[in-house]
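Coming up is one lone chain in structure tokens, specifically the form predicted on its own.
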């Protein structure tokens, strides 16, 4: 393949100041929904809660520019002045997430077109095509006007480009996008012959005679050529990134204030390739919401935070830009948070590297689509448990201000994730189409999380120096260079654990011949001759007593030793988990979808053999993470269980000044943060 279109120099700047002094606390503020009298009450209550920054202007385009080229700044000037006079910083958004009605009426062609050829109607989120030159022209005009007016305003401490880019316009299949896709293909592959070779278009007789004949993969994505599908996913991520970079360039030309945009990083694959995007934001920021159906929501918080930390450089702090005080409004059955959960969730992110905790939104809306979304100031007002907990959290963050800028302790375990593997795994005709990319990533993170072993969740191309163990969960798409890096890591003394469906296809989504697991079979010392997906009512017993669901394989040993075998079924006697000694290191292979108990036994052996450090020795309900400050380590102990836990530590609590001499009581559902002292 030719040089990737996304392989551009990073544009992140090293800027001296974080947006706030200490930890950032606040949320999205939408004063346009309220009268000026309410603005003054809001500012008073923000001060009471300890808010020091708000995100402003996300959905304000139609009010700031009510007609093309005509601006109304008076109300915006007033609210920014009110916030500044109260000592509250502004994260100022370019309002391009919400194109005004006059623009959509005059230029309906900027609206995205879905995979079935239907143009979206106004009224949703991010209703614009990233390839549209018309939209780009208007977006850069409002961005320029905003930057020229407020670029030097002392209240503005952070620029926020648009909002959750891709969250509503991640893919567009219009003719303009199709033309841009063909331009991207020329830059990526060079010739139509290279495209045909990479995608294997001879299958079903889909060979292209000219790049001009190529259209986006419209219709049912599962019928698309896998190589074309993956290319269009990459292109779509790149188009949105190009839009971000265009707005960011306008801001950077006119202001020295840091520039960011809010990611949507969670457990699975994402709408864009955030590992590519992270090098272009001055502050890496994330929006994270717990999912009702997630059986281990607390671990989902940790996984997302560890993934965010992996997107920064050298364990730098990042920013939790949005989460919720309670129920959102977009799930089937929205769940309120339990007493104490607001503090627990927020500090879970802070423990793992966020230099703040921000919410959507400050005041609950009474009208509009998200009128029942929770907020820092709920519909019930200040006479509510949510408000009391919001004030409590503000107090806690002020007491923890000294950890701002401090890195999380170094991890010895890395778990590699890859957007392209996620996209490819869940597209097309696969052996088991119900598999979800997030399953193995979450399983292997969980078994270490419940043992208080810190894991860095890293992009597939991250530097592996300093790690003892690297986990490759369903890393389906792997290039030769990526496989070589993993091989060198093991031969240099590291340990790797790869799960099923890793190394199966190359970067063009072409299956690697010679037996699975493809790119890693020599390193792992095994070959799989046949996948054996299990049916919905089928399980297979393992030699360790666990029962496999969903996935098994017929695996042959070529130097590896069997650690766990299949005890019944068609694969009885074959290896389910193997270990291969390679150089000074070892390579493990997991050919089955292990139950939690079996995966935990594997993790316990790795922890023991490799001497992986645990933050504390505690039960599975305790989350424990350290941040390294100049004045010593700060240990976060978060009790996710319904029983009090005692942990063997010494130090002084930063939340209430209590001292612990050898043991700390962590009440059920509560958090203890202490500056550690050496045990006598």
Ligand code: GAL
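Residue numbers count along the first chain shown, from 1. Note that the structure is predicted; figures quoted are calculated from it, not measured.
Beyond what is shown, the protein has a form predicted together with beta-D-galactopyranose (GAL); the following relates to that form.
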Worksheet item: Pick from 529 to 537, 237 to 245, 282 to 290, 151 to 159: which stretch has a heavy atom within 4.5 Å of beta-D-galactopyranose (GAL) in the model of the complex?
Response: 282 to 290
Practice prompt. Select from the listed residues 566, 303, 360, 181 the one whose heavy atoms reach within 4.5 Å of beta-D-galactopyranose (GAL) in the model of the complex.
Written response: 360
Worksheet item: Taking beta-D-galactopyranose (GAL) in the model of the complex as the reference, which of 419, 440, 233, 322 has a non-hydrogen atom within 4.5 Å?
Response: 322
Item to complete: Considering only heavy atoms, tell me if residue 163 and beta-D-galactopyranose (GAL) come within 4.5 Å of each other in the model of the complex.
Response: yes
Worksheet item: For residue 370, is any heavy atom within 4.5 Å of beta-D-galactopyranose (GAL) in the model of the complex, or not?
Response: yes
Worksheet item: Does at least one non-hydrogen atom of residue 34 fall within 4.5 angstroms of beta-D-galactopyranose (GAL) in the model of the complex?
Response: no
Practice prompt. Mark residue 433 yes when one of its heavy atoms lies within 4.5 Å of a heavy atom of beta-D-galactopyranose (GAL) in the model of the complex, and no otherwise.
Written response: no
Worksheet item: Using a 4.5 Å cut-off on heavy atoms, what residues in 53 to 86 are near beta-D-galactopyranose (GAL) in the model of the complex?
Response: 59
